[in-house]
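Only one chain comes next, encoded as structure tokens, the form predicted on its own.
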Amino acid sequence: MATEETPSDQLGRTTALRLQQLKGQLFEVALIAATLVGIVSLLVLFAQISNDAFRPGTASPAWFLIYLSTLVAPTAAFTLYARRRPAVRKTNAKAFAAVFGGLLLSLVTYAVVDSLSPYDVFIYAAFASLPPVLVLAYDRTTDDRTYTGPAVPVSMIVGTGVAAALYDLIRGPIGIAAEWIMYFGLVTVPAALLVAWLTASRRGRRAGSIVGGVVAAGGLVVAVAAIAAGVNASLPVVLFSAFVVPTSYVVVRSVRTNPEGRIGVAGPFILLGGVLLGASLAYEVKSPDTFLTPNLLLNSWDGLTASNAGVYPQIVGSVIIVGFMAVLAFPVGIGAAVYLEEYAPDTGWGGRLATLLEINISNLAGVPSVVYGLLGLALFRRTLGLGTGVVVSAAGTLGLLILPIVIVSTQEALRSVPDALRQGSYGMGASRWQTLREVVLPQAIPGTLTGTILALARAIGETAPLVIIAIATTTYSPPSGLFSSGTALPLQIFAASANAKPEFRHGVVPAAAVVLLVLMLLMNATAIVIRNKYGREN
């Protein structure tokens, strides 16, 4: 027999429901307040750092007026115009990515290759790329493609080992060639092949061959023109191949395929034009006494004169360390996550071992970075006997630091792929590897790249592990190889913060910090663009 609710019971339930709602609202307000406090604190911190680095208060009003009229106003007006038109906004985003991405890629490629020796990079790149090409060529002749995926990275490792074994025999004859020829083979040839492939996929092989030939011929023309002008042809060849070619391709394709938004390609050129026009008009005007100058970006360190202090070796060192760290950590981390999620047994001793590994990996993601420094010291310095402060030790130590983050984020990305997709692939007759390669990994790439962003953001600013393994805080030349000494930008910032002169502590350090933030944002932006691209395709 059902009992009737009394008014007191109804009142109690209503009161409890209102309390639950009140708690939820209070929790929401607390979250919003905490978020706002965090954002405001970061904005205040960045504003203070930017003020110390750029020192806008030292500029004359005329300088602000010039840049307001030549840079800020035209760029803001065009941005507002593009935001109201989706087609223009889409083209504008592509143009910005092509122009500034190509310019950044050109400068980074030239700086890193020049530091490591273009001849050495060419030898290893040629031997590492030829075996995968042969594997993919064989793949086109057979229907059994089960082992193609694993064979590609294995062939790259084998090719790199062959290059190391034959290095002494090859380096002499290669060294006779001009330096720009190495850059032509490293940058221009891949650019020509990429543009030819993209064009052939849309307009046929004949058009692709013609476009690829035009790009290769253009690189040769640029090199000959630079030599005739008495200029080192290496940088012009890199700029043409990694900046002019992709920018031209994106601009031409956007104009042809998106007539309504073709005006969007003008966005980056309005920005660059405003900068150049403002610089020419403000030449005789009092500009800010900023520490973020070409000297800071292109010179070596000077601990006596702040205006001459440069962090070029530190920037190149950070790029090389983080790049090699990614090469070491990401394949291992993604491979470990794939095994734990797709291949490891769920029951028995194998399942218990897999569970134990997952628990330990999750715990390792929260271990302080200084502990990884001790691990790197024991592994690379004591066990492997590597030299003090070499690049490979720094990259390996930071690779161990980010490895748990990569594994955990990749596992979560793999778990987010619906099992229905796997079962559907198996139902079509695909093997486990084919399902993983064609179905699971493409769906998991956005989540995996999210972990990549977090890992890069943590690694690029680390100092404690590098100090523990005795990486130098100051060097006067970029690293010449993976087994040479080098340093990273955070270490130089740490060392400069203890300088006795105030202009170092309140000028050079904030300017170098801005450079470090820009490097981090550019790396993260690249990963975000790739992640969003795969997210849209899937």
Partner chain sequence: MSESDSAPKIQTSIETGKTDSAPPETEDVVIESRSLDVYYGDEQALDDVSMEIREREVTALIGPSGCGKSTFLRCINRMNDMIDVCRVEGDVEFSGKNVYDDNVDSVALRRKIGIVFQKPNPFPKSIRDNVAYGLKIQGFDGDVDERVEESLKEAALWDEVKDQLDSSGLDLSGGQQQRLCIARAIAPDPEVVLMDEPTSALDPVAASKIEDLIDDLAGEYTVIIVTHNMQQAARISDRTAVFLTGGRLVEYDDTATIFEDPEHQRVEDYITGKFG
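Fair warning: this is a prediction, and the values are worked out from it, not measured in the lab. Numbering follows the first chain given and starts at 1.
From this point on, the text means the form predicted together with the partner chain, which you will not see here.
- Contact between residue 225 and the partner chain in the predicted complex is not found at the 4.5 Å heavy atom cutoff.
- Not displayed here, the partner chain is approached by residue 432 to within 4.5 Å at the level of heavy atoms in the predicted complex.
- In the predicted complex, at least one heavy atom of residue 347 sits within 4.5 Å of the partner chain.
- Contact annotation: residue 161 falls outside 4.5 Å of the partner chain in the predicted complex, judged by heavy atom distances.
- Just one listed stretch, out of 183 to 191, 313 to 321, 124 to 132, 432 to 440, contacts the partner chain in the predicted complex at the 4.5 Å heavy atom level, and that stretch is 432 to 440.
- For the residues 331, 424, 368, 387, the 4.5 Å heavy atom test against the partner chain in the predicted complex is passed only by 424.
- Only one of the listed residues (304, 420, 176, 229) places a non-hydrogen atom within 4.5 angstroms of the partner chain in the predicted complex, and that residue is 420.
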